[in-house]
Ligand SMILES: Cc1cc2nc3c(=O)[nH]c(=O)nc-3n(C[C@H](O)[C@H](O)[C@H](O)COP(=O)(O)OP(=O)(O)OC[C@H]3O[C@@H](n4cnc5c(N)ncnc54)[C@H](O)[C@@H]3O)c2cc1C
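Starting off, we have a lone chain in the form predicted on its own, written out as structure tokens.
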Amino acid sequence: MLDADLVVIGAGLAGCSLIARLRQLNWTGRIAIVEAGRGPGGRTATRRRRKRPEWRLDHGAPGFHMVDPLPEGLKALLAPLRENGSLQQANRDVITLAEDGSISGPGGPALVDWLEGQPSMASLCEALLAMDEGHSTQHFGRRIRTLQRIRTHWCLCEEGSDWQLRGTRMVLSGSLLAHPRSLAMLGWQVVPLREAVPEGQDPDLDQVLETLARSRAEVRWNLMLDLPLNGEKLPRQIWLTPEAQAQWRVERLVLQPQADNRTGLVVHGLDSGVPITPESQPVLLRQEEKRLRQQLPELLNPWPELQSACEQAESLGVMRWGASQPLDHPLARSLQWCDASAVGFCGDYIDGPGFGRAEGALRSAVDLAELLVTLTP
């Protein structure tokens, strides 16, 4: 049994920012971070290729923006990332595509001061974890299935293995283990966090779970392509207007030039609402890949060179991204920490500036870190 003072589940922007900010505030407790993926990134993940080490494709969030004024804690968190170059201002065009095929620019929501990770978006999470200077234990490729609250400790178990982790406190940087979507998507019978802490034991946690139960799961089907084309002169993002999104069920196209005169393309496909289960997901992945590739020639009419390259593109498959977004019922900041059960929450689902965006993940992580350092060890 591995032990920690704090277990952080999820190595995306929120989880990694939480750890980095705790260390900036000189919190010296033992931290363990647990992530289902092979490395840090979460929805800022980056696809790499074994035979081409310089090839990187951001297949989740391609960047983010923030709205001033920023709290001092967030400025302090981001300052080292700006100084070491892992967080930089984007320098390529963003344009908008309408349903009639016309283009204009710039476009998309709040694309002023768009920030990107360098050399990839996953580099942000890697740089944040580096601020921990190796003091935390990192557990990648671990899919938590069972949570237990035993006296004063949280116990985490992985399905199908004897790996176990125990922590005095726990933070969920995403809401999967607390949200009913886990029942259908993962084939679970109960919400893990609800099973661990029965109703009535922690009124604050009961409010958290009630709020998250009302949230909606937003799904993206992200098609990844490797194009035989130098994309340096192409726009970095092509946003679709709301009418165009409804027509093609595509949110945007993101182009990422590679070092070998090729270009990575990610098509952010919108969900149709068909229920996703462990049994249906493989079929849906194939269907979405076929649909998105068939639509590309029409979508790319304004760019004949890009259109032609897509016909010769190598498909790297489709990634399904899901996130519960409580669009009408954000989780109150006052409920980020539930003291009776020693569990906390951070992520873009927390109420406040940046809600629903990467900025919200960063802000909520800073807020929670500053709260945790005030608690009695």
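One rule holds for the numbers: they count along the sequence shown, beginning at 1. Being a predicted model, the structure only gives us computed values, none of them experimental.
Note that the form predicted together with this ligand isn't included here; everything after this is about it.
Colleague: Report whether all of L97, G231 and P302 sit within 4.5 Å of this ligand in the model of the complex, measuring from non-hydrogen atoms.
Modeller: Heavy-atom distance to this ligand in the model of the complex: none of the three under 4.5 Å.
Colleague: Is it the case that I9, even though its partner is missing from this view, gets within 4.5 Å of this ligand in the model of the complex, heavy atoms only?
Modeller: I9: yes, in contact with this ligand in the model of the complex.
Colleague: Closest heavy atom of V34 to this ligand in the model of the complex, within 4.5 Å or not?
Modeller: Result yes; V34 sits at the interface with this ligand in the model of the complex.
Colleague: Can you tell me whether G356 touches this ligand? I mean in the model of the complex, with a 4.5 angstroms heavy atom cut-off.
Modeller: Yes, G356 sits close enough to this ligand in the model of the complex that at least one of its heavy atoms falls within 4.5 Å.
Colleague: Does at least one non-hydrogen atom of R249 fall within 4.5 angstroms of this ligand in the model of the complex?
Modeller: Judged by the heavy-atom cut-off of 4.5 Å, R249 is well away from this ligand in the model of the complex.
Colleague: Could you tell me which stretch in 75-83, 97-105, 136-144, 202-210 has residues with non-hydrogen atoms within 4.5 Å of this ligand in the model of the complex?
Modeller: Within 4.5 Å of the partner lies stretch 136-144.
Colleague: Find the only residue in R236, H268, R169, R194 having a heavy atom within 4.5 Å of this ligand in the model of the complex.
Modeller: Exactly one residue meets the criterion: H268.
Colleague: Taking this ligand in the model of the complex, which residues of 120-136 have any heavy atom within 4.5 Å of it?
Modeller: The stretch does not touch the partner at all.
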